[in-house]
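First comes one chain, alone, set out as structure tokens in the form predicted alone.
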Amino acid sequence: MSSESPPAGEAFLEPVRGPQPRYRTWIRSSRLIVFAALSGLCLVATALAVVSPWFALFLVPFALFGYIALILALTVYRFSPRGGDFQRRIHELIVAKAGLPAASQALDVGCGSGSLVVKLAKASPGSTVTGVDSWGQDWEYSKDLCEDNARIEGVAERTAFFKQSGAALEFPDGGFDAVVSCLTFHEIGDVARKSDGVVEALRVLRPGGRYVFLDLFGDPAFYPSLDGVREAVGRADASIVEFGALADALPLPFPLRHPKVLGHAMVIVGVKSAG
């Protein structure tokens, strides 16, 4: 062991860290702020019950808005590194199920802040991964954010991002070796049925290519039946290898199992028919 001592002050220097990627969670911060504010206003109004007992009625909306705010806040926590990093773990699950070979062309429909695109690119040397999103004004994502994250993660040369709707992808038929999507199809507004987004995503998958889709397929508010989802996959000349609840593939703690969070989330894995 060396007996040399570091120069004065050097032992107290922290390592220099470069810029870090910024991957927003799937929960809109504006929504959390609104419900927290409504809950706070109701609580203030309840305190006025000392003036009139009618103000005590504000306890009802206070409980409702407070519960929603609590679920949203705990969900944000669970998605963060301190709360289990479940957003990253879900993306890694999709990457593992995609099994993207080296030197492939992959597409992520609804790429958000670019996290899944970056993970696919880093997991498959030589592959090029494209991400598309509409990046609506009510989301905290953007094309610039995706490109910044890809550059920081060292995969900028093998990634590309485009503003497109999942209802009408601007790519030719069969142009990708793999197509993935995470919690996007139910957000597409310009389709007759949410399952139409599945058909469109499979259109650009080459014959023999693999797909992995995670969405709220179990929520009847978006998908009337699972048979309808299966029919959409078959209509796109694809087969299903795996179709099950996200909670069966990845244990989800409270409140992620809540029906309004990921309780209805399901994963479909399959292959485009070869001919």
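Numbering starts at 1 and runs along the sequence shown. Source: prediction; values computed, not measured.
There is also a form predicted together with a small molecule; it is not shown, and the following applies to it.
In the model of the complex, at least one heavy atom of Trp26 sits within 4.5 Å of a heavy atom of the small molecule. Although the partner is absent here, Ser165 is a contact residue: one of its heavy atoms lies within 4.5 angstroms of the small molecule in the model of the complex. A residue is said to contact a partner when one of its heavy atoms sits within 4.5 Å of a partner heavy atom; Thr75 fails this definition for the small molecule in the model of the complex, lying far away.
When contacts are judged by a 4.5 Å heavy atom cut-off, Gly112 counts as touching the small molecule in the model of the complex.
Considering the small molecule in the model of the complex, the lone stretch of 147-155, 201-209, 127-135, 96-104 in range is 127-135 [heavy atom distance within 4.5 Å].
Taking Asp196, Glu92, Glu187, Asp85 one by one, only a single residue has any non-hydrogen atom within 4.5 Å of the small molecule in the model of the complex, and it is Glu187.
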